[in-house]
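Only one chain is shown below, in structure tokens, and it's the form predicted alone.
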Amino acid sequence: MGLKSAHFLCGGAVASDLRMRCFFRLHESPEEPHILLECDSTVLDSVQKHLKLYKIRRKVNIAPCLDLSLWAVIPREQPGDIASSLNKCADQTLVLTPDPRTEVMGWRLITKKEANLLDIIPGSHIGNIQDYHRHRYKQGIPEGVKDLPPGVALPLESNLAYMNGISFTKGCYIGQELTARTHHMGVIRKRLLPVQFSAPLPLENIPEGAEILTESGKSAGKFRAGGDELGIALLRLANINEPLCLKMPGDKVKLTATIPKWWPKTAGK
């Protein structure tokens, strides 16, 4: 990424994994009896309403934590090399934990809004939310309702099994039987993949779920989301080595798809 610092931090509105309605991550604090939950900020209200359905008469308070900030700590070096340095500043943070999805996403850091990040991780460079999205698009990491549309995205096609997002030993959840059967049969024909375009995209002109075509005009998949020349798309694995293009109103933009290096060695075969 061309960063001179040891660590790269990105912060902004709380945004995390969304699958179907909501696929979220929990952070437990030993100091206070509370659980922190990350969710896409665009569906914050619906997530709150959904959780309150199950509250019933329990003495549980569900509310946004407006006094906290969420950061992604993305290492310039190998993720394992920064563990000791991050642990040294753990007492200055509320939550400091490896991102459970994959090592290439670094660490998740939650602090009070007034915290000085340069004091917590000296020598770091503070980026913005666009830098964070570029990094995860490059790695093929889906996040939020744009990448994982509720009612459309399927867990295995979204690579959640590669990101500690699916348990095949416990349940029950909606779609469990289909998900388990597909996993054990090993037949997954489409997956979310990182894509790179031949030129930066005017995203405001791309319709939602725009079609991606092969050179012969056959449908190869659908575009999900992106920024500039990077993005993420649901593609048929049989077509990813062919010349592909994104169909836009009055135009076509060439793109290439790649299999992320962090995937299991047998993935995509």
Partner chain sequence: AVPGSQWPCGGAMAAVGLLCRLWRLALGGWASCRPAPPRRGTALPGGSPRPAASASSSRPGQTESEPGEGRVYLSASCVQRLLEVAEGAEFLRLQVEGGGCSGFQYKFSLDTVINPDDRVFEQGGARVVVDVDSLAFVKGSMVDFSQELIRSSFQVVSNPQAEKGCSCGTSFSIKF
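If you superpose the two forms and keep the largest set of C-alpha atoms that fall within 1.5 Å, you have the rigid core. Bear in mind that the values here come from a model prediction, so they are computed numbers and not experimental data. Positions refer to the first chain, counted from 1.
Absent from the display: the form predicted together with the partner chain. The rest refers to it.
The contact with the partner chain in the model of the complex, taken as any heavy atom within 4.5 Å, belongs to Ile56 out of Ala63, Ile56, Ile35, Ala238. For the options Pro98, Pro122, Gly175, Pro150, the residue carrying a heavy atom within 4.5 angstroms of the partner chain in the model of the complex is Gly175. Note that among 47-55, 218-226, 239-247, 63-71, the stretch whose heavy atoms approach the partner chain to within 4.5 Å in the model of the complex is 47-55. With a cut-off of 2 Å and the rigid core superposed, Ala238 has a Cα displacement that falls short of the cut-off between this form and the one not shown.
Fitting the two forms on the rigid core leaves the C-alpha of Arg58 displaced by at least 2 angstroms between this form and the one not shown.
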